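Take a look at this single chain, the form predicted on its own, given in structure tokens.
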């Protein structure tokens, strides 16, 4: 049996432009081009471009599509949008997870409502098959189909404050596209046969699904097109973004940016253990002001029984030094209390008098030199309050870090699009 790894449509472009290629999730992907540090900083201050065609897209459609997702997905589709807890309506998307009966995360994902009876589920690399199989098993007896579009869709993420102006150069009717497009909403369709395809098109008429979302904490878009259009779209974006400093980015910057935005990596920060007591309670259907769930869902009973589950906590260090997350342990008052899940360096942040600032913070102290801070997630036996100092140890070093509720401040993801013009 061949062990050859898959390639996205952009693989040849990455190689031709000097990318360092690594194996990731069954694909050969760029980890960085010239500098992961500079790529990270570009997204926070300007814009970065990511090849995300390794991720998997599922279409879930039929009379019982809503019923299936309401059972298998952790968010309550009746009350999951915005501060008003509105239902998931057409053109909205929501983050959550798909659990098994043991309450373990099969994967995290975004669920989009395209229209009544049609949803799109975006899952992680190599998870299209497993998640599609799981949904199909749960769909027995229901009028619903699950179609795995793995390797049939081209997906590109453009992220950062300049991404809005760059996209405006490429779209037909950008004002119309950006109108009433809040965070976690989408317009258009990648299928030219869809009646929604006319909503969002490139200047040459190529249709796309444009989602105002991403994995960096910064303003930006996830773009879905037919696979044949992937390279054309990427090159058009690079050309349009030249003046704004658009930078191609690899997986290393993607990892450090998502960590600074307090976002988990599937099968590293969440996975085959109980999906509770973590920094992402918004991914569960919790009632406001209580720990009770607002709906029944697969895995609920296991979560309710998990009274001795470990805690996943966020930490930030005092400089950019990291530990090896594969072997590092967590110590508190000299006692080993847990392990590291993620340890990365957010190059865009620094500390001053105990407070964390970003290079984008409007109130950062004059003269503050920001060199980056290590940050990440740990899994420990007992809950520790924010402000608690613990020590991370691997074979090479021991570093003090602080339990925090957030990492990179002044992120732009939720800001109004009009503020970027």
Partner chain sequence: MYPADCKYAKNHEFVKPLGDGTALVGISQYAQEALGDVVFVQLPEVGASFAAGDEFGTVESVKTVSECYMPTAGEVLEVNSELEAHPEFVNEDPYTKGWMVKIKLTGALNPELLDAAAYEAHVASEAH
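Positions refer to the first chain, counted from 1. Keep in mind the model is a prediction, meaning the values are calculated, not measured.
The following text describes the form predicted in complex with the partner chain, which does not appear among the structures shown.
The chain is drawn here without the partner chain; in the predicted complex, the stretch among 153-161, 270-278, 122-130, 314-322 whose residues come within 4.5 Å of it by any heavy atom is 314-322. Of the listed positions (32, 27, 66, 357), a single one reaches within 4.5 angstroms of the partner chain by any non-hydrogen atom in the predicted complex, namely 32. A single residue from the set 364, 59, 379, 37 has any heavy atom within 4.5 angstroms of the partner chain in the predicted complex; that residue is 37. Using a 4.5 angstroms threshold between heavy atoms, residue 347 counts as touching the partner chain in the predicted complex. Although the partner is absent here, residue 15 sits far enough away that none of its heavy atoms falls within 4.5 Å of the partner chain in the predicted complex. Although the partner is absent here, residue 371 lies within 4.5 Å of the partner chain in the predicted complex, judged by heavy atoms. Contact annotation for residue 383: none of its heavy atoms lies within 4.5 Å of the partner chain in the predicted complex. Along 384-421, residues 396, 397 each place a heavy atom within 4.5 Å of the partner chain in the predicted complex.
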